[in-house]
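A lone chain, given as structure tokens: the form predicted on its own.
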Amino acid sequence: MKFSSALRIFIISGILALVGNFVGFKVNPVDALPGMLILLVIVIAGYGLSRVSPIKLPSIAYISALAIIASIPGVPGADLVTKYVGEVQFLALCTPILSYAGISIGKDLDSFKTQGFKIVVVTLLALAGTYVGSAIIAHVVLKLTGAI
């Protein structure tokens, strides 16, 4: 994908997330705008790094690493990043991403149909495995912290 196309998608997703943040969580878009701009800068930088880096990793790895570094206590500006990004609700970010994923799958529906029943079984097993794995991790952590 061209960088300009990706940039347009990032900006549109950011705008939709701001709208979702307002509609779903009643957060004023002006209050959430600095946090969204910070997130957009991190996403664009991570995406750019994934394209130029000699280490070929998915862009989400670079984006996650940059976001983690930007929010580590003690890193200059981390308090501001945490404060402003805290105004953007996670579920508001998920809405445009999931919409885009749905459109992407719909575009490849013929390919999806050729998978037949196998894809349903794999999907159900993946969901069940994720659920069980999450439940085990949660149980262990709660047990270690003495919450249960």
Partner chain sequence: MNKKSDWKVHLLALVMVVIAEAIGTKRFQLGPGTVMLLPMLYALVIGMFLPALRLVDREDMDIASPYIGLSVMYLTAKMGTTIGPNLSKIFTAGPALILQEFGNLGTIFFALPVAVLVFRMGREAIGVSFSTSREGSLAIISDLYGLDSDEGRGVMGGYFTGTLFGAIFNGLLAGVLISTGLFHPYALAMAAGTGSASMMAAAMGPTVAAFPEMEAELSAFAATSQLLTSVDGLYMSLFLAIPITEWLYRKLGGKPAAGETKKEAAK
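For clarity, every value in this text was computed on a predicted model and none was experimentally measured. What we label the rigid core is the largest C-alpha set whose atoms superpose within 1.5 Å from one form to the other. Residue numbers count along the first chain shown, from 1.
Below: the form predicted in complex with the partner chain, not depicted.
Taking the partner from the other structure, the partner chain in the model of the complex has a heavy atom within 4.5 Å of a heavy atom of Ser111.
Using a 4.5 angstroms threshold between heavy atoms, Ala32 stays clear of the partner chain in the model of the complex. At a distance threshold of 4.5 angstroms between non-hydrogen atoms, Gly77 is out of contact with the partner chain in the model of the complex. Proximity of Gln115 to the partner chain in the model of the complex falls within the 4.5 Å heavy atom cutoff.
Relative to the superposed rigid core, the position of the CA of Gly133 differs between this form and the one not shown by 2 Å or more. Relative to the superposed core, Leu124 undergoes a Cα shift of 2 Å or more between this form and the one not shown. When the rigid core is held fixed, the Cα atom of Arg8 travels less than 2 angstroms between this form and the one not shown.
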